[in-house]
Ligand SMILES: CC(C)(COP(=O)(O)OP(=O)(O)OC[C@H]1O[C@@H](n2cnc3c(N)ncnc32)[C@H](O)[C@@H]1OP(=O)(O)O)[C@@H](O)C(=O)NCCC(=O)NCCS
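Only one chain is included here, represented as structure tokens and corresponding to the form predicted alone.
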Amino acid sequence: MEALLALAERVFGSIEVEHTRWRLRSMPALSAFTAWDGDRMVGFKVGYAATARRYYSWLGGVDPDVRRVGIGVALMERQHRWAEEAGFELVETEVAQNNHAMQQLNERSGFVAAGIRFDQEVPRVIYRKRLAASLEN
């Protein structure tokens, strides 16, 4: 957990450490996928059950020194496979409206914009993606 928290601070500049630690310990059906370069964590993707069928992809990032080599895409794909295998039908995530790189990654990965939510005056785009298993039903 400490390596993930340290990398999250590096990726985002700052995080609410105690709140993040609480969520990592408390969320239902929590999953965390990580990428390592030797003994150094270089990427992570964390999510949890929002409902019985909707998985919330909450937090993810890649070390700025190793971006643009596919680590984020690989972590996202692994997270979505896990969520589908666990019986979730939908993945939801949010992105700050000014984070164009993450919005593009979400759209390339099959997400569609589903709305806007304001978090302390900051607009966040809500994205949703149906998982393949849910399309068969």
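From 1 onward, residues are counted along the sequence shown. What you see is a predicted model; the values in this text were computed from it and never measured.
From this point on, the text means the form predicted in complex with the ligand, which you will not see here.
Discussion item. Can you tell me if M41 lies within 4.5 angstroms of the ligand in the model of the complex, counting non-hydrogen atoms only?
Written reply: Contact with the ligand, no.
Practice prompt. Answer for G87 alone: is it within 4.5 Å of the ligand in the model of the complex, judged on heavy atom distances?
Written response: Answer no; every heavy atom of G87 is more than 4.5 Å from the ligand in the model of the complex.
Worksheet item: A50: heavy atom within 4.5 Å of the ligand in the model of the complex?
Response: A50 lies outside the contact set for the ligand.
Worksheet entry | Non-hydrogen atom contact V73 with the ligand in the model of the complex at 4.5 angstroms | Output for V73 is yes: heavy atoms within 4.5 Å of the ligand.
Worksheet item: Of these, A35, M102, M27, A32, which has a heavy atom no more than 4.5 Å from the ligand in the model of the complex?
Response: Of the listed residues, the single hit is M102.
Worksheet item: Out of 23-61, which residues reach within 4.5 Å of the ligand in the model of the complex, heavy atoms considered?
Response: Those in contact are W58, L59, G60, G61.
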